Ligand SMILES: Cc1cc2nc3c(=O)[nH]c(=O)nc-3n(C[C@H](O)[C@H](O)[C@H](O)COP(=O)(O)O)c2cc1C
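The form predicted alone is given below as one chain in structure tokens.
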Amino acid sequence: MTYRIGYLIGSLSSTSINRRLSKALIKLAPAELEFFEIGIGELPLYNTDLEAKLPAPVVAFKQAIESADGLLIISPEYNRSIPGPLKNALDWGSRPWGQNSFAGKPTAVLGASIGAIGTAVMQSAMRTVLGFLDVPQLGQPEAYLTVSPEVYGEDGTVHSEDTKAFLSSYLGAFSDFVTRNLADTPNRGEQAA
């Protein structure tokens, strides 16, 4: 079975190292994972006044989340926390109250930084938010990645065999996690048809 995995990149920059990481992950992913990007750049700032008639970018965003079998969140860390555009996307995806598009979606969070601790603090904050949103999360392995040009090419090619092996193992664990979670989901076969 093939699983459609939506991925969100927490940076809006076209040259983000996390966008480069997303390319690497897609290249290394097992055949059963089919990726598509769920953009967050067109979402307006979250405002409850807009919930009565959701803006078109919000509707499209929520539909994309709902169409995914699982989610991969690839994000930098801004000021020891979740980047504003990504938090805004989480807020929109979980609203209006009772229409949480994220609920039940098997999700993994990872990120890259030029710093030695990767995105550890952002990931900790994300786990808190995702827990509140009823999102099953991949706990192990954790991925706190330091990016350097010697390791990650612009096109997503990973030059380090150790890093390539780790990312392949991470994606294998994520694939198993998605499979286990969806096996426990009622009507999975109807959704896939």
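From a predicted model like this one, the values you see are computed outputs, not experimental measurements. Quick note: we count residues from 1 along the sequence shown, nothing fancier.
The discussion below concerns the form predicted together with the named molecule, not included here.
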property: Non-hydrogen atom contact residue 169 with the named molecule in the predicted bound form at 4.5 angstroms; result: no
property: Any non-hydrogen atom of residue 11 within 4.5 angstroms of the named molecule in the predicted bound form; result: yes
property: 4.5 Å heavy atom contact, residue 22 to the named molecule in the predicted bound form; result: no
property: Residue 79, heavy atom within 4.5 angstroms of the named molecule in the predicted bound form; result: yes
property: 99, 103 and 181 each touching the named molecule in the predicted bound form (heavy atom, 4.5 Å); result: no
property: Residues of 1-27 having any heavy atom within 4.5 Å of the named molecule in the predicted bound form, listed in sequence order; result: 11, 13, 15, 16, 17, 18
